[in-house]
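Only one chain comes next, encoded as structure tokens, the form predicted alone.
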């Protein structure tokens, strides 16, 4: 027997996109169910592993001190467009950046005693950010939604999105604790995250070897909801062969490792096992490179590389991974202790780099900004923070690439309506967060994923409420 339950709105997913959607729908006096694939103790998708929320601090009307006070919505929009090589959907980027301040203030107002952290934990940030513990955030907001009368279903594996004969989406099929359950609803909001935690899909979209990439977030984001939407005609959008793949500690857990980044790599060098550099470490601020350097690192021999710094900058490195740093009094000895295969080439690479640095670079070094200290004469330059590695002790950190979230998903309008393959909205179907595509390409400005999810979760609920009320 198939169980049947009826609501005005069914939200699939319990991360910040789903929670924002559910809360806003409840504010519109709609009955709401939230379906979470994970068991209750693992609820929250990737949100439980996040740490920051990017906002235009210049537009926030709150009596707090932000790490960057004058970061505007226009700055935010320019960052998205720049790091995505101007491929981001203009309209989606406009919604995220223009609505982020209001969404942040709304979440703050509805969060009761939720306390955001307003200071950056380390240097080099050029954008407005607030800091948080993702797991604590989920645990804080869920009871608020429950108090609004929202029903949560855990171990609810959504496998089907169903359209009626008139084309409208009328239900979601899920297996709740293994029992087939039909959730009938006037409107459905998909907020179930991406497909990046699936070994099969990582191999399919990124290539051989990617099935072994470490997953930073939830093991439950495996993409079945995206496939279910496309099965009923939803249009795919975004760069399916690209993703937020962060630079992380090589000793990170295989899955659900969370925040194991090593920041400050931009102040030193990154070498592979061949002893060669392969990225411009000082290309841009960390928040604009860490999400793409992870993929470059994963594509190196053994999916591994090594950050090397000296005593001048080691205090500007934030090592959040489980492994221990490796130290030595010479580059040669450090390279050997790191087990880099081509020791001779690694030492030669560092020597050539040192010769290409300005002798006065240390006096002009500023980790807070793009300081313009660049190398001269190298085929692969270092564009900023090019200080010679010449003051022992030297420190090294083995790193790899870690999957954060994939960039492909369903296509949506600025009102969060899911489009079909003729670019027509599918009636009654909305989506928010990493289940959607079109915003991120090639790279990712740090902290934007959580903002995107919260903004479009709220927008999706408002659009769904308007639709539901128009049908009654």
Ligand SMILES: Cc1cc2nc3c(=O)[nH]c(=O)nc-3n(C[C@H](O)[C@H](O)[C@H](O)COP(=O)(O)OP(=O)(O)OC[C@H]3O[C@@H](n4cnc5c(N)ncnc54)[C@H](O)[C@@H]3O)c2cc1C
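Numbering follows the first chain given and starts at 1. Quick caveat, the model's predicted, so the values are computed rather than measured.
Just so you know, the form predicted in complex with this ligand exists too; it's not on screen, but the next bit is about it.
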| query | finding |
| --- | --- |
| Contact check for 192, 220 and 453 against this ligand in the predicted complex, heavy atom at 4.5 Å | yes |
| Distance check, residue 18 to this ligand in the predicted complex, heavy atom within 4.5 Å | yes |
| In the predicted complex, residue 404 touching this ligand (heavy atom, 4.5 Å) | yes |
| 4.5 Å heavy atom contact, residue 409 and this ligand in the predicted complex | no |
| Residue 316: touches this ligand in the predicted complex, heavy atom cutoff 4.5 angstroms | no |
| Residue among 60, 33, 38, 30 with a heavy atom within 4.5 Å of this ligand in the predicted complex | 38 |
| Partner-contacting position among 331, 156, 361, 285 - heavy atom within 4.5 Å of this ligand in the predicted complex | 156 |
| Stretch in contact in the predicted complex with this ligand, which is absent here, among 192-200, 143-151, 72-80, 340-348 (heavy atoms within 4.5 Å) | 192-200 |
| Residues within stretch 232-261 having a non-hydrogen atom within 4.5 Å of this ligand in the predicted complex | 258, 259 |
